[in-house]
Structure formats: structure tokens, C-alpha cells
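Quick heads-up: it's one chain on its own, the form predicted on its own, in C-alpha cells.
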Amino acid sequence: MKMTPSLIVGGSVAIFASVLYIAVLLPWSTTTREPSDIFRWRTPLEERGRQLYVNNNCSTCHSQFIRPIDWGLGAERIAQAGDYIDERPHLLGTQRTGPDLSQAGGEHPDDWHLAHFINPRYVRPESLMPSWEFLGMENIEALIAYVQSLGFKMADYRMERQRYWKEKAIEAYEAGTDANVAWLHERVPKPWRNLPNPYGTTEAGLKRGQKIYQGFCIGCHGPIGDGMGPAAPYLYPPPLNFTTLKGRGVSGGILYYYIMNGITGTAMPYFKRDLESEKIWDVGNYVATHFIGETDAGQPPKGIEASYEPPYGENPYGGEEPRRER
């Protein structure tokens, strides 16, 4: 084959046409104006919050689309074309320095977001996100409204649930400590209430629990567990004061359940997607030991020991070595 001028021109046109079709015509031909099953139009306040999101280039760190390979991020639904018919410009994003926000609405109550925008480390002590306090309260409220709209009708359902449980949580808090603790206990299924922490108290376990507490909990509950962390002035009902729980029947199972599932309506989020099971038990035992002053860790009933479970109680390393089959 000779590289003639006609061949070069023809080949260049063919390549250009292929790129044009793949990059422009094919996406245009598959564009839909049909809304998805969850889509709704945004309110003026939400639109103003979206413009703030655009102006401050938030899509640099946060994406707004979920693919089938992203289920590990905690999404409940794959993104669909009809979710984006009102997006000008599109805010899909490519970096996930922070979490994907496409379904973030209703994951937290408004007061959690307020503390988060004032200083993200108040509620996520290891966050890399900058403070947005300079925007002023009026703009932060618009930004919160936008974030709470992400997920559309799914977000609206979650927000209704947040508002319902916030009323219940405030009512219980304002009734006094005894009533509040009783209300919290009643929200936990009975099998969890009666479940002790299956891991015995060890120095290593408490060190792990302390590290987790500092990385996730200290901003709200404070360094001594009294609920007076830097986020507290922005939250209502305020974070739980662990020191008031002594003698009120707090089991390891109750602590685990609330760390795992959070307390909807309050600023206490769920950590079931952040922490593995043993880490939840460890931080629960750290709270019980250091702040509540009592722990049921390692008490019966016990199941089969894990293959790498540290010893506690009677020292199993004393006496004869275990017999080995040959």
C-alpha cells in the first residue's frame, strides 16, 4: 500500500468521522429527556445551593454517579440517564476524594450538615474537606438544602424519616436523662439489649478502640465522652453524654447496635459501612470502660473462639503445650 495523498486524506476523514460518531453523535442519539422514577424538579432554595456547589467547584472531590462496581460505596441504586435531565452543567465528577453524593439526601439531619460545613472535622475528625464557614449561614442553609435533595424522591423519603425521628428524639431528651436513656434502650431490639460484648477487655483492644474513637467520635462526644465536642453547639438534641449511662443497663450489644445503625433524627450516624464488626466492639468497649465506667466484655454467653482471638481471663499459655496430631 502506497501512502498517496488521496489515501492520507481519506484515512484522516474516516478517523475523524469515527471519532465524531463515538464522541458526539452516539451520546446525542441516546440522550433522554424522560425523567427517571425518582426524579423531581428542585426548589429555588435547592437550585441556589446547587449554584454554590458549582461555583465552589465541589465536583473536584465529589462525584454524583453510581456504577454497578460502586456498590461498596453504600449506594442503593445505580445512576440512570433520567436522573440528570435537569443538570446544566453536569456534575458527574471523576474524583472520589470525598464520598459520592448522588444519593446523599437524608443520610444525615440538617444540623449534622451545619456542623459539617462549619468545620468538617467537627463530625468527621479525619476529613480532608475544607471549612465553608466563610460562605455565611444563609448560603450554608442553601447548600444544605441542595445536598438534602440529592437522590430526589428517595432523599425526600429519608428526610421525612429524619424529621419524624428528630421530633421523637428531642421529646425524649427534653424529658430528662432517665427518660432519654429508657427511650434509647427501647429502640434497640431485645436480643441486642441482652447481648454482652463477646470480646474480653485487653490492652490491645482498648488501644484500637481509642484510635477509632479519636478518628470517628471525638468531634461530637468530646475527649472525655461528655458530649461536649466542638460539634455540640450546632447539634440538637446534643451528642450523648456517656458518663450519665453508668448504672442504667447499657450492654455491649446496645452500644454495638447504635454504633452500627446510628440514631436516625439525631446527629449520630451509622458506621456499619465504615467499621468492621470487631472495630465496633472495640470502640464500644473503650466507651464502656473509659467513660461509662462499667463493661460486660467477655462475659457469658460465649461462642466458639476465633482462631486469632487474644486470651483473657485464665491464661491459656500456662501449663503444658497443647497436643498436636502427627
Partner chain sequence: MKFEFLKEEPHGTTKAFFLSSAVWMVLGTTFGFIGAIQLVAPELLANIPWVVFSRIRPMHTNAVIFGFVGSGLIGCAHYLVYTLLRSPLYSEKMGKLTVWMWNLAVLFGSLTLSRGYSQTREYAEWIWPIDILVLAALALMFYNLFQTARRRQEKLLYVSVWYVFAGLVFTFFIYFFGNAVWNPATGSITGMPDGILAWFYGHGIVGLFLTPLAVAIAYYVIPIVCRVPLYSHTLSLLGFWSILMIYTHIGAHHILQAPTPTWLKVIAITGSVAMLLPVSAVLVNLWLTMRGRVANMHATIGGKFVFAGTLWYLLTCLQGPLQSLPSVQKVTHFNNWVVAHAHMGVLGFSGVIALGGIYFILPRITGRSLHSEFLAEMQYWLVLVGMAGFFTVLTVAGLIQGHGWLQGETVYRMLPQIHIYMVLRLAIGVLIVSGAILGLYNIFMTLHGSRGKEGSS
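Being a predicted model, the structure only gives us computed values, none of them experimental. Residue numbers count along the first chain shown, from 1.
The following text describes the form predicted together with its partner chain, which does not appear among the structures shown.
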task = Name the stretch: of 188-196, 170-178, 77-85, 155-163, exactly one has residues whose heavy atoms fall within 4.5 Å of its partner chain in the predicted bound form.
result = 77-85
request  = May I ask whether Leu128, Leu135 and Glu276 all come within 4.5 angstroms of its partner chain in the predicted bound form, judged by heavy atoms?
outcome  = yes
task = Check whether Gln210 has any heavy atom within 4.5 Å of a heavy atom of its partner chain in the predicted bound form, and answer yes or no.
result = no
message = Check Gly106 for me: does it contact its partner chain in the predicted bound form (non-hydrogen atoms, 4.5 angstroms)?
response = no
ask   = Within a 4.5 Å heavy atom cut-off, is His113 in contact with its partner chain in the predicted bound form?
value = no
inquiry  = Just checking whether Arg248 would be counted as a contact of its partner chain in the predicted bound form - the rule being heavy atoms within 4.5 angstroms.
reply    = no
query = Quick one: which residues from 4-23 get a non-hydrogen atom within 4.5 Å of its partner chain in the predicted bound form?
reply = Thr4, Pro5, Leu7, Ile8, Val9, Gly11, Ser12, Val13, Ile15, Phe16, Val19, Leu20, Ile22, Ala23
